[in-house]
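Take a look at this one chain, the form predicted alone, written out in structure tokens.
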Amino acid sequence: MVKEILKIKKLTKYYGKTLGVKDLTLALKEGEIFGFIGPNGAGKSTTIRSIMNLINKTSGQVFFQDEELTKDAINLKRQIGYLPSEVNLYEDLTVKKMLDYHASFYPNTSQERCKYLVDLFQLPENKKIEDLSFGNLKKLGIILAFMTEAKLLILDEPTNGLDPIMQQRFYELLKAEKAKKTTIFYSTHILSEIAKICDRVGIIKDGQLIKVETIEELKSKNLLFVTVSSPDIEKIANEFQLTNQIENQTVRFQTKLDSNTIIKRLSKYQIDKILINEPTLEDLFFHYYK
């Protein structure tokens, strides 16, 4: 049986009367890359900051390796690598001094590991942090998260600011961590990343977790996307009970009907063009966000 590394139980956070996240319950398995997706404002960063105790939870608990993860759980925190969506560091330090300072809090950090990551992301160690570009600052944040040989990595919008070459190196680094059975909690709004690297995905909407499934389960949903162009388009719209979806004698809709049934029902109308597609991850995401 696969061990559950991170357990979130009924996590709730209100900012005054404004909901951040409500009753979120989730468990991450050892060695998986779990994608956490939703648009800006859905509750992704609130969830992560609550897990990390950077903000106070309204209610709920978080357990890491079966121990409650609290503000004072220093030994547990040493086993977690964290990359915030916005990297803010001591600007008057050089990159090298920042790396050394960070390493001083993590006994398992090795110079070899740090050098490997610096070389991988081609980061200039002698530059002051205040002089780094946005992309190099994000690279430094990634190195700080990965240099400690953590058992759990919590990454909030990790590729924002990376060029395509560095993104590819980052994905390869993730695969290497997964091979070591590191658990990775990966928050993003970029759906192509989720499809490329994640084992499971959780969809958050308006502060509530509405779906948790594997990528394969999501893609195998009995859902088809149909586009039809026809001079009988209004009759077709009535046939499938569609409203306000007609544009230039064309209608596009999603359905759980199979292809044979769709074609049979359309056969009594004059058809100029028909296209039946399986949904992409983007289609499925927006299906839940209707």
Partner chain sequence: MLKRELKINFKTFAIWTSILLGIFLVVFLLYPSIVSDQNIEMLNEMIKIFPEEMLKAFNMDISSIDTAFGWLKTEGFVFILLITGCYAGILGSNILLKEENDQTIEYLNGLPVSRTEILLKKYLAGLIYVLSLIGITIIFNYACLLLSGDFNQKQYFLLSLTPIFSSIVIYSLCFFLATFTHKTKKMLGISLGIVFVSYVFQIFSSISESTEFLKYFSIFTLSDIRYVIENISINYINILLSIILSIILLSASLVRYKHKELI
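Remember, it's a predicted structure, so these values are computed and weren't measured experimentally. Residue numbers count along the first chain shown, from 1.
What follows is about the form predicted in complex with the partner chain, which we do not show.
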Please state whether every one of the three residues 49, 93 and 102 places a non-hydrogen atom within 4.5 angstroms of the partner chain in the model of the complex. yes
Mind telling me which stretch in 190 to 198, 209 to 217, 159 to 167, 83 to 91 gets its heavy atoms within 4.5 Å of the partner chain in the model of the complex? 83 to 91
Identify, from the list 144, 137, 174, 150, the residue with a heavy atom within 4.5 Å of the partner chain in the model of the complex. 144
So which of 115, 181, 77, 127 reaches within 4.5 angstroms of the partner chain in the model of the complex, heavy atom to heavy atom? 77
Even though the partner isn't displayed, in the model of the complex is residue 204 close enough to the partner chain, meaning a heavy atom within 4.5 Å? no
Contact test in the model of the complex: residue 56 vs the partner chain, heavy atoms, 4.5 Å: yes
Residue 119: heavy atom within 4.5 Å of the partner chain in the model of the complex? no
May I ask you to check whether residue 132 falls inside a 4.5 Å heavy atom distance of the partner chain in the model of the complex? no
